[in-house]
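This document starts with one chain, in the form predicted on its own, laid out as structure tokens.
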Amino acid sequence: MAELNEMQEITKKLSDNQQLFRLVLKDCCDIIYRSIKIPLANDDCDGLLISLDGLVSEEIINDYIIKPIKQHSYQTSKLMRKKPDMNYYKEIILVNNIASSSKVGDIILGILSGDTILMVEGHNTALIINTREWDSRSVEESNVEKLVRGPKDSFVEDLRSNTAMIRRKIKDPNLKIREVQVGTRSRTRVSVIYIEDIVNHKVLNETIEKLNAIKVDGIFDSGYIEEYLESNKFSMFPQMVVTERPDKVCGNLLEGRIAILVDGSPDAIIFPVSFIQFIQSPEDYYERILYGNVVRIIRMVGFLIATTFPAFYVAITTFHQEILPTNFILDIAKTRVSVPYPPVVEALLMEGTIELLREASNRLPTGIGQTIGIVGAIVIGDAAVRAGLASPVMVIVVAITAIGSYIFPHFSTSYSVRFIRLPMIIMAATFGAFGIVVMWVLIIAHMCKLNSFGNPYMTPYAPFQLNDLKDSIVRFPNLSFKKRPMSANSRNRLRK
């Protein structure tokens, strides 16, 4: 492939231009070159169409580009008594989105993006005509964020389909969508979405600067962007919300947050955020307030169980047997008679087994994965107890902990829980209940220090924001939400 000089310009000689693009796009069997004769009053003129097979609509090319050119060129040139310019072709082609450029880089990018290029003999400008059409997944319900009540649509891999879903829900001219190209080779389109009169412009400008500063060959998912934008990349807690739901994105946009969509990815990322948002679900606002609050409290309890329950069991059985009733602690001791190692080793082995089953069930096809997860857990748990490798109580503790890990609406939160659990068990086995307290102090201190684009991670609790407490662990009625949360922005806070 020839070295591409993006600033080089095409010439007026069509054969030279064709030779240039054939050289630059050498060994690309999906590039289509179609020569056409444009009938003019004095003489026919040569034209060339370049497109990428599989990314263009042949119907648009045949019926809305070639056909109008063939039908109108002769008569118009006869009336004009001169050779038509490129603006004339732009007028008669029946496609809405047409750009023009003389730079080779712009033309190559258009071809590889699914546009059709029209070049005409005697003109050093090419038309870049939008003929994009490719197969894409239809809009369907999210497999990760399922709701009993609420919209069932979710994002797909096509960027324009995703932005259209947001536009359909928020019909406000202040809703802005700015596009940035990221990736020196992939040139992936990344859309930054916000509401102009609500968003924090300092955060917005910082985001645009970070996106423009990304130097990488290719971007294929929003996870790439998330890693580049996060300020604390090694924290166990995510600093952005990842979602497939358009309604969730729209709700956060109306609070002054920013959303990013990546072409080819069905996941949007939202920021700035606080920890409390990771236990919230759109369904909390669609159901009755009492039910929504009970479910939120259950999620918070699930978070505590998933992070601390195995460590609590290890601490009790190792150091603090006296706090349990005598009969209960004797029953636990009987179940552990045949177990040859201490509770901490037992807990770590069972946790490792659960993680293996979890990863295996995720990687296998859906039907087989579910079978492996259920049958494997039952068979291995029962066999471990019979073989004396684990006590029945430990199997119950680990099973409840695993269930608690999946109670969160955001799957990424489960990774944080799994990361916390292991050091928590080790601290409990070393220092008992004191070790659990120390570990929680370190975690809370880290969360208080953490921020998401300048927004404190533990808001509205640290720093304390009285107004934002209305939508935290418990939710007040919607009628009480007169102001937007401080965690998202500090301007135009009054809801209209």
Partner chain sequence: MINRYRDGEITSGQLYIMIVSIMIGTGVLGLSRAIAEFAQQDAWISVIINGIIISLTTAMAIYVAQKHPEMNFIQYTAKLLSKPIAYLILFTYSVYAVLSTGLIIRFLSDMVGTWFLPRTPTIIVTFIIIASTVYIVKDGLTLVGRFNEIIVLSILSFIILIFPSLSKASVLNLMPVGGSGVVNILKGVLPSYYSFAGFEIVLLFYPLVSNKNPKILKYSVFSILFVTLFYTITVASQIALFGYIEIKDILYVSINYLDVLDTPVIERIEIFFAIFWTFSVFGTISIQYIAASIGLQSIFNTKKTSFFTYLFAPLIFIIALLPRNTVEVAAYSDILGKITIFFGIIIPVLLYIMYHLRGGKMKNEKA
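This structure is a prediction, so every number in the text was calculated from the model and none was measured. Positions refer to the first chain, counted from 1.
What comes next is about the form predicted together with its partner chain, which does not appear here.
*Asks:* Which residue among I69, I61, M458, L49 has a heavy atom within 4.5 angstroms of its partner chain in the model of the complex?
*Replies:* Selected residue: M458.
*Asks:* Could you work out which of L55, I36, C28, A433 is the residue within 4.5 angstroms of its partner chain in the model of the complex, going by heavy atoms?
*Replies:* The option sitting close enough to the partner is A433.
*Asks:* Is every one of S231, H320 and N451 in contact with its partner chain in the model of the complex, taking contact as a heavy atom within 4.5 Å?
*Replies:* Judged in the model of the complex, S231, H320 and N451 all sit within 4.5 Å of its partner chain.
*Asks:* Which one of these stretches, 285-293, 102-110, 219-227, 322-330, sits within 4.5 Å of its partner chain in the model of the complex when only heavy atoms are counted?
*Replies:* Every other range fails; the passing one is 322-330.
*Asks:* Using heavy atoms and a 4.5 Å limit, would one call L14 a contact residue for its partner chain in the model of the complex?
*Replies:* Taking the distances in the model of the complex, the answer for L14 is no, it never comes within 4.5 Å of its partner chain.
*Asks:* Even though its partner chain is not shown here, does Q465 get within 4.5 Å of it in the model of the complex, heavy atoms only?
*Replies:* Judged by the heavy-atom cut-off of 4.5 Å, Q465 is in contact with its partner chain in the model of the complex.
*Asks:* Can you tell me if V203 lies within 4.5 angstroms of its partner chain in the model of the complex, counting non-hydrogen atoms only?
*Replies:* V203 belongs to the contact set for its partner chain.
*Asks:* If you check in the model of the complex, is L442 within 4.5 Å of its partner chain, heavy atoms only?
*Replies:* L442: contacts its partner chain in the model of the complex.
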